[in-house]
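Single chain ahead, written as structure tokens, the form predicted on its own.
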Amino acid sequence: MKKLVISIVLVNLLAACASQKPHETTAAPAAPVAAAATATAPATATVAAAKTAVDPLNDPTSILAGRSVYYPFDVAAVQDADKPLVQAHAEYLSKNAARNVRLEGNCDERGSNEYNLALGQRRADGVMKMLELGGAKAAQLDSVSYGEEKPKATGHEESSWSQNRRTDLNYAK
């Protein structure tokens, strides 16, 4: 648990150091253009407000577009590569208290149904703990295991199995 907290803190520090503020460029419009802009300002302002009000969950360029955490065979711990994704979702949930997410643990087809259900639950619960440590409230989170019942890929080889060993983050509409 201590290692998990330390790794989350380190990921936050790295993310804070890596982020850059976008450069803003402003140019003064010419006088004739300013008069025309005044006539269309309300419509332009509405369009600009609509563009800036895009939910980051729906932005394909946002880290929040990633909704699955993947695992190696027979592992329930979130891997280092997916920790920034989980932390980003935790930050989003902490800032958006009205949003809820269902964590769906999944496994590949190997192993008994009982084992896979238990492993899927451990995976979903692990992501839930990381989200709570990152600032999400327990009331925003729900975890469930589907075991091997909801595969993303239907093949019977490692390339398919690796897609099926996951926890999906599904936000309520």
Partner chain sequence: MQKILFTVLGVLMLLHASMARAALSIEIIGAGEHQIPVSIVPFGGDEKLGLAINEVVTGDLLRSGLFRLVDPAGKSPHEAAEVHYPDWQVRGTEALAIGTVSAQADRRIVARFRMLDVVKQVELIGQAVSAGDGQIRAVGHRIADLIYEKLTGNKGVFSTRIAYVNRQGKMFSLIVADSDGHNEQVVLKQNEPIMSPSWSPDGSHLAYVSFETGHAAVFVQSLYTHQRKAVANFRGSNSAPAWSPDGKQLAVVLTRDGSSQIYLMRPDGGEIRRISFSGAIDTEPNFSPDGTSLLFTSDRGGSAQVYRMPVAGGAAQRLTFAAGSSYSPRHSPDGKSFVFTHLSGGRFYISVQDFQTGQMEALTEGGWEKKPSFAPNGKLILFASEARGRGILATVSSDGRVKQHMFTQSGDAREPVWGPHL
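The structure displayed is predicted, hence computed values, not measured ones. Residue numbers count along the first chain shown, from 1.
Beyond what is shown, the protein has a form predicted together with its partner chain; the following relates to that form.
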4.5 angstroms heavy atom contact with its partner chain in the model of the complex for Ser145: yes
Any non-hydrogen atom of Gly111 within 4.5 angstroms of its partner chain in the model of the complex: yes
Residue contact check: Met128 to its partner chain in the model of the complex, 4.5 Å heavy atom: yes
Close approach of Ser68 to its partner chain in the model of the complex, 4.5 Å, heavy atom: no
Heavy atom contacts to its partner chain in the model of the complex at 4.5 Å, residues of 117-154 in sequence order: Leu117, Ala118, Leu119, Gln121, Arg122, Asp125, Met128, Ser143, Val144, Ser145, Tyr146, Glu148, Glu149, Lys150, Pro151
